[in-house]
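To begin, one chain is listed below as structure tokens, in the form predicted alone.
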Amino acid sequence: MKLSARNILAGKIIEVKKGATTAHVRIAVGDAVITSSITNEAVDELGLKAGMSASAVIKSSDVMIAVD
């Protein structure tokens, strides 16, 4: 698979929490945890489960930084 995104972070799924239509998938990447909101249908199609290896693919035109 080829992607235009340049931020691909390999990790391990630590939690898949389904809601009514949307699921939150938490992926541990090193010491950080990235949470993605995707459809329940996508979770089922990809067969996502805790313990699986997966990658967080981040594609964004804006990244904002905030400090106190």
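Not measured: the values here are computed from a predicted model. Numbering starts at 1 and follows the sequence shown.
Separately, the form predicted in complex with another copy of the chain exists; it is not shown, and the next lines address it.
Engineer: Quick one: is Leu9 in contact with another copy of the chain in the predicted bound form, heavy atoms, 4.5 Å cut-off?
Structural biologist: Yes, Leu9 sits close enough to another copy of the chain in the predicted bound form that at least one of its heavy atoms falls within 4.5 Å.
Engineer: Do Ala50 and another copy of the chain come within 4.5 Å of each other in the predicted bound form, heavy atoms counted?
Structural biologist: Contact check for Ala50: no, nothing within 4.5 Å of another copy of the chain in the predicted bound form.
Engineer: Is there a non-hydrogen atom of Ala28 within 4.5 angstroms of a non-hydrogen atom of another copy of the chain in the predicted bound form?
Structural biologist: Because no heavy atom of Ala28 falls inside 4.5 Å of another copy of the chain in the predicted bound form, the answer is no.
Engineer: Taking 4.5 angstroms as the cut-off for heavy atoms, does Val57 touch another copy of the chain in the predicted bound form?
Structural biologist: Flag for Val57 set to yes.
Engineer: Could you run down 1-21 and flag each residue that has a heavy atom within 4.5 Å of another copy of the chain in the predicted bound form?
Structural biologist: Going through 1-21 in order - heavy atoms within 4.5 Å of another copy of the chain in the predicted bound form - the hits are Met1, Lys2, Leu3, Ser4, Ala5, Arg6, Asn7, Leu9, Lys17, Lys18, Gly19, Ala20, Thr21.
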